[in-house]
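Take a look at this single chain, the form predicted alone, given in structure tokens.
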Amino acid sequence: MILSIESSCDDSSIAITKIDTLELIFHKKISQELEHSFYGGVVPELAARLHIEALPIILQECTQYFGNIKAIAVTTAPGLSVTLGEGVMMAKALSISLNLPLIAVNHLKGHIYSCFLEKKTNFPLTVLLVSGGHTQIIEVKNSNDMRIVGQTSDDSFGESFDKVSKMLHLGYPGGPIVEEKAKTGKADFYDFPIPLRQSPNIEFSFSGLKNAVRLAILKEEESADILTEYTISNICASFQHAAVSHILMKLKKYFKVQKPTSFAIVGGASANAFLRTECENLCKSYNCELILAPLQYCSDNAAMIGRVAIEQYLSNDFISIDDIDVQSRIKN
């Protein structure tokens, strides 16, 4: 088995995965959403301190498997350096105490493998990765051949939801809150701009849209001390529609030229139901297979890190305890 550790942001997670069968034997995650909600976003130093408390608690539940562990895997990048460091320190300690090799796993590769928990991969594959830190289209030929063909030049899809939620004083994390509010709103109530509409390039940008929402909120606040639920829902619905439309416009440009046969949506923001539905319709029109990660594994988790680690274990892709740090990069 492989023991995997994830601490790239505000989720402390450990998993145990069988190497030969890919079976997920153990998985647990402790979220820090409640602690960070007061600040409207993740506070890195607070997140690191909470990892120090949570990771050992989860590890205590894994001791029964220590005799069967063949390697220790840990997320090393990308993420918050202070939180990644907590996971790396635990991985080093386990490596020394159990005399086991280390595997450094890229967090983004983990999200790609979240589609293949407990099953074999289906490559080649085109991936839309949408999270709080990234918005990318990635062409995946195999585990060691992945190429980013389009990404955001500023804010990410997930981050823009968090920022809109914060501007509306709705709480953190913003993605689920804004999506829920949007259900009762009118998507065409506000004429928010769809970013890069005229650009032929496969790229994303959410800063302009976010600013348009900010200006709309300021205008509404000038005429009312407190925004009504009706106004908030309309803002959320109009914003979500513009953000998803932006992604779909760029995906259509990509599909028209590349015509992928398999397409996946991964990352924490891939849980957005409206985005999933629009991508499903797009794939149907191109006779393309749509692959989705289970909703409970869309956000950061150690199960996806363990799934990548199996591939690296089988190809003897280990790292020495002296070389492991928080700067490991995805292979392009």
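Just so it is clear, the structure is predicted and the values come from calculations on it, not from any experiment. All residue numbers are counted from 1 along the displayed sequence.
Beyond the structure shown, there is the form predicted in complex with a small molecule, which is absent from this document and is the topic of what follows.
- Just one listed stretch, out of 199-207, 150-158, 90-98, 116-124, contacts the small molecule in the predicted bound form at the 4.5 Å heavy atom level, and that stretch is 150-158.
- Interface membership of C298, defined by any non-hydrogen atom within 4.5 Å of the small molecule in the predicted bound form, is confirmed.
- The small molecule in the predicted bound form is not approached by G110, whose heavy atoms all lie more than 4.5 angstroms from it.
- Mapping the unseen interface onto this chain, A271 counts among the residues with a heavy atom inside 4.5 Å of the small molecule in the predicted bound form.
- The small molecule is not drawn, but in the predicted bound form it has no heavy atom within 4.5 Å of P195.
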